Every structure is written in structure tokens, then in C-alpha cells.
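Next comes just one chain, in C-alpha cells: the form predicted on its own.
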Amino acid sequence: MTQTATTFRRMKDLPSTHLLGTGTPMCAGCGGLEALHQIYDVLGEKTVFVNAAGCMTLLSVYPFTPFRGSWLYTAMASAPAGAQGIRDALDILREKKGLPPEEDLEVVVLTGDGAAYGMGLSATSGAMERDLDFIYICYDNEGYGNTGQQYSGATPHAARTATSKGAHGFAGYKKDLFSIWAAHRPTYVATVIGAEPLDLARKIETARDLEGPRLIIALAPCPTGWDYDPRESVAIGKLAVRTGVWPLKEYRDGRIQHTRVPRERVPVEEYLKKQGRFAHLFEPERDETLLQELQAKVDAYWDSVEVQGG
């Protein structure tokens, strides 16, 4: 994998002011908003966000938005199509000399996991096949958070949601969106989390400087949907990485590389027991079978990484 120099070597190299305005109606402790603040700071003002219906559309209250640059709302399944129209229009303006190159905009799709893993997946696949020059940012709070946290294609096994309330939680398994994108052979795919800002900044910097389809999946701890105190968002985000539940990795030039390998992983249950959506695994009785299954799945993933040398 080609290595590039980075501006972000230490924490003090990160932007010290935010481009995204304050005073939004987002939930306290929103992990998606935490990541978006950092992403926008690195991308800069010359960005147009194509925002599919979801939690982040609450940022904009007509006729205002907190974005310094441009913003467009689309239906949940339509953001990649909207991005295609904007990119085409910008390219036509550049060809006709109506838009100087320095005034061009980065086209960025912004969706939750409901669109990225489900409703918008077909349109996204088509955009990748057309080699659309865009960045796709998914804030993944592992459920349809804007409508009451129903399960989505990103919901982890055994999590309780508004539509999976059984004794063992959600019976399905989280889709591997990273691999689905990588199978299309796009320019770049990466996972990030707001609780690891240096890793996030470096990956956004890499994506910004490339062309073609680029995906950033940001795990978005959600106090409302995951049932925990908002002050715990950063701690839970760090535990997601330390337990190995959320691997930090990137795909480029046909290869996958892990940017953070937790050599001494914390037990998965340390991450689970901080969230009310997994409380049934510990009370009224400990569900040893499910806990062992969840731990084994994470262990198997990292065992395969060691074998592959990734």
C-alpha cells in the first residue's frame, strides 16, 4: 500500500477550530457529530455535503445550516445519485470555464448506516461502478437512530433495539460494509472513530487527496440508541478499538492495512457492559453462551489478520 506523508503527526497538529457551527439539535454525546466535526475541519470549506435523510439532517433547520460551505438534502436512498448530479454539474462548469479550478468543490455524501448498509446500497454500488469522484461518509450508530433505533444492516448480533426486543436481542449479524465496498475496487475505504482523532485526521487527509469513490465508515457511539450516559461516548469509542470490536483499517491499491492493532485486547464484555442495549447479557443472569460467541467472533477476526499479516 502506498504510504503518503501526513500533516497530522501529533495531537497539536489537529485543527484547533471547528468549521461546523454550534447550537445544533443533535443529541448530547453524539459520536457521529464528534466524527463529522473532525472530518469537516480536515476537508475544508470547499465541500458540498449531500445529506441523506437521517440523524444528521437534524443539523439543518430551514433555511439555515451549520455548514460553512454547501449542503443538499436528499431522500435516504438517493444521496449517491444526488452526488452524481452535483459532480457532473461542477465538471461541466469547469469545462466551460465558468468555474475556476481553485473554486471546485469536494462532493461528499453524508449518511447513516440505514442508507449506507441498506436503503442506499444499490445507488452506491452504481456510483462506484461509474467511478464517481466522491467521498462517502457513513456515521454508523448501528440502527435507525433518527426514528427510534430500529435494527439496521449494521446492528450487531445480540443488541436490543426497538424492533429486536427478544431475550437474546438482535438475531442477525452486522454486514461487512468495508468488504462490500472493497469488492468494487474503489479508490479508498477506511474505518474511523471520533475517539481516535489522529487516525481519523490522517485517513480523511488521504481520502481528500485522492480521486474516485472513497468511503469513510465512522463508528458513531449513540447515547440515545445504545442507552448510556452521554459523557461516556469517548470512553466507549476507545473501548471499541481496544477490544477489537471496531478494527481501524484502510483499503487502497487492492490491499487492506490495519492502522491500529490492539496487541493486548481488552475483553469484549468491557465494551458491552457499558451499554444498556446489551444489559440482558448480564442481568438478571449472565448469558455465558452469547458472551463467548461474541468474544469468539472478534478473536477469529484478529486471528485471521495475524495470519494474513495485515
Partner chain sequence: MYRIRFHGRGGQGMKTASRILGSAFFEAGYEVQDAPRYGAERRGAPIFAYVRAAREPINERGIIQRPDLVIVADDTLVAVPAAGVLAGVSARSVLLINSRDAAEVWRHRLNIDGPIVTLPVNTGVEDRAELPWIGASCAGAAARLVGVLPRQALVHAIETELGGLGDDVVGHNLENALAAWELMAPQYGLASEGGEPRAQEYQRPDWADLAFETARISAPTIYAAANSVEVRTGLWRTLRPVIDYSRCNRCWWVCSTFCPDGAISVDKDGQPRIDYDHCKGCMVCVAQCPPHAIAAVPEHQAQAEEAQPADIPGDPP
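A quick note: this is a predicted structure, and the numbers were derived from the prediction, not measured. Residue numbers count along the first chain shown, from 1.
A second form of this protein, the form predicted in complex with its partner chain, is not displayed here; the remarks below concern that form.
No residue in the set Asp140, Ala159 and Glu270 has a non-hydrogen atom no more than 4.5 Å from its partner chain in the predicted bound form. Put simply, Pro262 is far from its partner chain in the predicted bound form: not one heavy atom of it is within 4.5 Å. Its partner chain in the predicted bound form comes within 4.5 Å of no heavy atom belonging to Thr289.
The shortest heavy atom separation between Glu34 and its partner chain in the predicted bound form is within 4.5 Å. Taking the partner from elsewhere, Gly44 is found to have every heavy atom lying beyond 4.5 Å of its partner chain in the predicted bound form. Heavy atoms closer than or equal to 4.5 Å to its partner chain in the predicted bound form belong, across 116-154, to one residue only: Asn146.
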